[in-house]
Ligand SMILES: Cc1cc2nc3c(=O)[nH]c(=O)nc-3n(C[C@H](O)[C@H](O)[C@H](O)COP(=O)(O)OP(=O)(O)OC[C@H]3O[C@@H](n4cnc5c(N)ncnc54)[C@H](O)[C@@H]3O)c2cc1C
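So this first bit is one chain, no partners, the form predicted alone, shown in structure tokens.
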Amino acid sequence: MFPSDPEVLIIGAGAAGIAAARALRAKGTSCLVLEGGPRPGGRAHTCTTLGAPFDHGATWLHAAGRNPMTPLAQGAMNHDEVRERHVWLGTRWADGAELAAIAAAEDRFEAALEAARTQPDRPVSEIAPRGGPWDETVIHWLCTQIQAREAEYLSAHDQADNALEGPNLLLPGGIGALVAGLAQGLPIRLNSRVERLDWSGPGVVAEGAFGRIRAARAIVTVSTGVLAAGGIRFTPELPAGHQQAIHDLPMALLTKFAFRCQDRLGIPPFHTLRRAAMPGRAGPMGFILWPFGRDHLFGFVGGEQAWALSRQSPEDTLRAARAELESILGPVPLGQALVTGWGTDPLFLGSYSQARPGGAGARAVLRQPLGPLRFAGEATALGLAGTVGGAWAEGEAAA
């Protein structure tokens, strides 16, 4: 039975919503979670379509030493200790000296980000080192691929404030499965999408196809993509500062794909393959092979290329990924495949938020309470923005 008059209404059963509900329950505060989709977990979702656990969204627990989800993860493995990186240069693999030079270029990029803290906020593209033989490759990897937006669209201050160190943990059963398991026993009402939220007081009233539900307070955990698209109509309208913060935190897109492959190609588990950036070619994708010795590989495409592919069919994304992989390894006997659809899913409209240049303060603004209303999620996280761990911490803080 769901509470008919909860003290707190939580909108969204992703990591932030689940963390908030658990924290409220521990304090003896009644709450109800309204989830628009058919399952809990949000952008953390594990499936077994490929015959083994596969995370559609969140893949790693980053910065494990300060990630609030680390103590909750059983059997987690430090991916940094087992993966070996390989870089394709078009006709051959990078040798040891070249890999060291690439690592040095990454260090210069990160040092430039740190130095940018003392200057007015600017696009990352304006402070990133350029001119070296590996700089464009590093900018693509660390911006378009990892941050899922091109460097010209990223706030240098926000990137420095949310830099993620290791360890990076992989979970054999999947992060999505961990989050869904932590939702068990909570008062979560699925397929209950909130269309309107009246916070004029006293309290709040949520409305949707489920009817009307009143509560004393509300925690809204939906993505900034959904908020920017008007997925929830607020009465009264949100203050100008919060509206600007939502505008300044657009969603980036990192599309994830996977293929089964019975032939391991003589490559050990957990090895990563990436191509160097090359003039006249689309930005390189990244691949991780045979996680935990399983018979599948997965990879990512980010930024504008990911958005363009999302406007086509999933098969187009898979064709592009297959072509990229085979340009490196030659013909590969790939089998069953899948691709994530975060960019077009109306419940998400992207993968995670990234601050626009000049918008580095938007996260702090968005997390400021508005009477009975508070926002929480990866978009309001300070230090772990864009991560499932950051969302979890924000849900707990909101509660």
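Throughout, we count residues from 1 along the sequence that is shown. What you see is a predicted model, and the numbers here were worked out from it, not measured in a lab.
Just so it is clear, the following notes concern the form predicted in complex with this ligand, a form of the same protein that is not shown.
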Given 24 to 32, 346 to 354, 327 to 335, 363 to 371, the stretch touching this ligand in the predicted complex at heavy atoms within 4.5 Å is 346 to 354
Check whether G359 has any heavy atom within 4.5 Å of a heavy atom of this ligand in the predicted complex, and answer yes or no.
-> no
Is I11 one of the residues lying within 4.5 Å of this ligand in the predicted complex, judged by heavy atom distances?
-> yes
Proximity of G37 to this ligand in the predicted complex, heavy atoms at 4.5 Å | yes
Might S192 be said to contact this ligand in the predicted complex, defining contact as any heavy atom within 4.5 Å?
-> yes
Single option in A276, I232, A216, A320 placed near this ligand in the predicted complex, where near means a heavy atom within 4.5 Å | I232
Residue within 4.5 Å of this ligand in the predicted complex by heavy atom, from L178, V226, I102, A245, is V226
Any residue of 28 to 59 with a heavy atom within 4.5 Å of this ligand in the predicted complex counts; write them all down in order.
-> L34, E35, G36, G37, G41, G42, R43, A44, H56, G57, A58, T59
